[in-house]
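Here we start with a single chain on its own, the form predicted on its own, put down as C-alpha cells.
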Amino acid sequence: MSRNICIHLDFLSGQHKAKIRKTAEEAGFVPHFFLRSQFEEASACLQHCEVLYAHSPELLRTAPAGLQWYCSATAGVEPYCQNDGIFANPNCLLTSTNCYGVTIAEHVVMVVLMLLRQMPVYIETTMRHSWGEHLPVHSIYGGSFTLLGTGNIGANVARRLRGMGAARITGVSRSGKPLPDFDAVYPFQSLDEVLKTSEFLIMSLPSTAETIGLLNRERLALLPEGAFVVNVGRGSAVDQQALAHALNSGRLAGAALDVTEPEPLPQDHFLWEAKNLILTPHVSGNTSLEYTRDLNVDMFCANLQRYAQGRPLQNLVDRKRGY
C-alpha cells in the first residue's frame, strides 16, 4: 500500500513540486498536490494519507486518526496548539517551517529606519502637500536594541543590525541562554529590568500563555521616554490601548506593528489614529520572496527524509508549550 502525502498549498512552483516528488519517491512516498481552492478534493485525499504539508486548520480538522505528521508551512503554530481536539491522532507530530527569518528581518530593518528617520511625520507632512522642516533623526549605527525573542527571526534581525553598526544588542528569551548574535541574553524573569534601558524594543514572540499581554501598560511605562517599539510576532503580546496612549502622549517616539489583535483591524479601531505608528497588514513573513518559498520546500524535504528514516524531525513543535 502506498504511503501518501497530501500537499495543500498555493505557492509551489513546478520546480518545487519536482523536488518534492523526487524526495518522496526516494523515501517511499507518493505526494498529492492541491491548491487552497481545492479543499474538498484535498480533504478526500487526506483520508488515506500519512503526512500533511499545508497551512490550514480547517483541513487538519478533517484528517483521520491515521495522520502521523503535519508539517505546517508557516512559523506560527498557535492554531494547532490551542485546541488539542484539532488532531484526531493525539500523537501526530507537528513541525513548523521556520523559514521566515530573512524576510521578516528585512521588514524590521525597514521600519526601524523609518522610525529612526521620522518617516511617519514626513509622510503625514507630504500628504498635506507641505514641504515641512528638517527633523532630528537617529541611526542604527551606535544604537542600542533589545530583541524580545531570540529564535530564527531574532537572530536574523540581530545580525542585520550588527552589520549596520548597532553598538549593543540585548536579547530576552525563555531560557536566557547566551547566543553568538547578542551581546547579552536575559531570561523573561529579568524583562522588567531590561526594559528600563531599552531604547528600541523589537518583539518576535509566538502566541503562548506566557506571551499574551506580556508588554502591558506597566511594562510600557518602564521603557525610557522616547523609546521605540516594533512587533512582528503576535498582536496578543501587546496592550494596544496602552501603546496607543503612550504614542499619542509623546512618551514613546514611535512604533511599528505588523501584527495586531484582531486581524484585520476594524475600520474604526483606535490604532489607525495613533501618532507615529507604522501599521502593516501582517506581511513581514509571507511567502512572496522566492528565497522563502525555496527554503520552505527544502525544509519539508529534509524532514521528509528524516521521517522516512525514523530520525527525529527538525523544528518539532511542543504543542503544550506552543512552539
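Numbers follow the displayed sequence, beginning with 1. All values derive from a computational prediction rather than experimental measurement.
The same protein has a further form, the form predicted together with a further copy of the same chain, not shown here; the description that follows concerns it.
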Check your understanding: Of these, 285-293, 63-71, 46-54, 27-35, which stretch puts a heavy atom within 4.5 angstroms of a further copy of the same chain in the predicted complex?
Key -> 285-293
Check your understanding: Of L220, V185, A227, M119, which one comes within 4.5 Å of a further copy of the same chain in the predicted complex, counting heavy atoms only?
Key -> M119
Review point. Which of H245, R160, R168, R174 has a heavy atom within 4.5 Å of a further copy of the same chain in the predicted complex?
Key: R160
Practice item. Mark S190 yes when one of its heavy atoms lies within 4.5 Å of a heavy atom of a further copy of the same chain in the predicted complex, and no otherwise. Key: no
Exercise for review: Spell out, yes or no, whether the shortest heavy atom distance between G85 and a further copy of the same chain in the predicted complex is within 4.5 Å.
Suggested key: no
Check your understanding: Might W272 be said to contact a further copy of the same chain in the predicted complex, defining contact as any heavy atom within 4.5 Å?
Key -> yes
Point to revise | Any non-hydrogen atom of G132 within 4.5 angstroms of a further copy of the same chain in the predicted complex | key: yes
Practice item. Using the arrangement in the predicted complex, list in sequence order the residues of 92-131 with any heavy atom within 4.5 angstroms of a further copy of the same chain. Key: V102, T103, E106, H107, V109, M110, L113, M114, R117, M119, Y122, I123, T126, M127, R128, H129, S130, W131
